[in-house]
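One chain follows as structure tokens, the form predicted alone.
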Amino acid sequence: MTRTADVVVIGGGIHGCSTALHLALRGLKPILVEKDYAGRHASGVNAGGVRQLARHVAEIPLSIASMALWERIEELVGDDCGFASHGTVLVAESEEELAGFRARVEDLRLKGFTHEELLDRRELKELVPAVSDHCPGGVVSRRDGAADPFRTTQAFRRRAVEKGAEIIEGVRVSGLARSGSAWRVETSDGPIEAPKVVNAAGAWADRIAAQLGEPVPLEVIAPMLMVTSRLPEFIAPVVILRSRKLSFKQLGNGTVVIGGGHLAEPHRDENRTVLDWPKLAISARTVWELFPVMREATIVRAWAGIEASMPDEIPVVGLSTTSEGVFHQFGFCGHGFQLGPATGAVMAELVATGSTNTPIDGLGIARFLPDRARPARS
């Protein structure tokens, strides 16, 4: 028996669940198909950073729009998602690095973006007293913060269902093809037909795109994270580095989550990752050097999630170039959690109206398709 819907959303991470919710809020009837369960991979196991800081300029408008939704997240999804706004601080470890940060902040202001503020040594110490004395300053985005990733994804899932979306978990998509005026999505639980399809399949999204004649150089990655034993409270903002791979934050229970981009070995077709312990040791050494207070902490657990990265380190968001009624939403490169609320809203707007008021120039899939290989839109 063939199910029908207004839209089929493929993928149940925060982006797919957010899109399903926003489609339902517009009065559409989406069916979301997830091969595991919502939040099983990147969306449920990331570091939970909610940051506008240090983003590629092409995704800043989307990030700003998303922050406005984070600030009323409980109104949107019926749960505060553990969101706390204590800012994010990018720490410079040398005067040369600080000069580069200064140039970026000045360039952003010329472009009309004011969310990043330069910090001198004294201001950095006021915000992050525990940071090593060798750090000469940094940059802060004061509205940034962090949330609980799995709790957030589940909140979007629950609210989407409450508003009329159907969510089918444990079901794999095996094919996508045109069927008259609709798209036929073949699944392990039978076919679904709908005039619109959203490809939010994360680390598996390249396979959907390839079926549409839009092959992309997606890399499957598995960013690693560690969590420590409990410590007395010593830091409020999230801290990140650029010279070395680090993201760092203390949770309300005193534990510290350490991440930043060191990668495990992903096996996407087996739903598993293999941790790289020497690289985790590098992260631990970075924390040891930057925060002396951490030198007595114990690492309790480490893990990694499977997600998608693109060569230019920004996501693919927008219409298919080859297939009318198909939309792409993937490749968030390890920093897509904060973008989830607004990307879902933008995708629903695109599906419903064909355009969006949020600038997403530079995020389309066309940037990976040579003109000579790009089929005409049907």
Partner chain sequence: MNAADLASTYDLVVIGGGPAGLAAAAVAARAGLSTVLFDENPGVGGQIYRAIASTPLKDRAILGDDYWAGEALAAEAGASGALIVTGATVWSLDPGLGVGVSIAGAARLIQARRIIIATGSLERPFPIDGWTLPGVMTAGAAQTALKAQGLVPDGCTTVLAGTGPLLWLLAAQIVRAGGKLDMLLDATPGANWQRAAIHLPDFVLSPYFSKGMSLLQEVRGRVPVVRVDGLKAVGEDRLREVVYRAKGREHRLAADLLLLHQGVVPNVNLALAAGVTHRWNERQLCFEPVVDADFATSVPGIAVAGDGAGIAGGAVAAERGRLAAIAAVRALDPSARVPDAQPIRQRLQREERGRAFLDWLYRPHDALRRPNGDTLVCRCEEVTARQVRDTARLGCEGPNQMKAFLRCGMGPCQGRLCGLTVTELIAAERGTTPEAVGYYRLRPPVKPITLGELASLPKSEAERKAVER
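In this text, all values refer to a predicted model and were calculated from it rather than measured experimentally. Positions refer to the first chain, counted from 1.
Separately, the form predicted in complex with its partner chain exists; it is not shown, and the next lines address it.
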| property | result |
| --- | --- |
| Heavy atom within 4.5 Å of its partner chain in the predicted complex - residue from R301, K111, H134, R72 | R301 |
| Option touching its partner chain, based on a heavy atom within 4.5 Å in the predicted complex, out of R230, R104, R172, R178 | R230 |
| Close approach of R272 to its partner chain in the predicted complex, 4.5 Å, heavy atom | yes |
| 4.5 angstroms heavy atom contact with its partner chain in the predicted complex for I258 | yes |
| Interface membership of E96, its partner chain in the predicted complex, 4.5 Å heavy atom rule | no |
| Partner contact for R285 in the predicted complex: its partner chain, 4.5 angstroms, heavy atom | yes |
| Per-stretch contact check against its partner chain in the predicted complex, the hit in 213-221, 125-133, 232-240, 249-257 (non-hydrogen atom, 4.5 angstroms) | 249-257 |
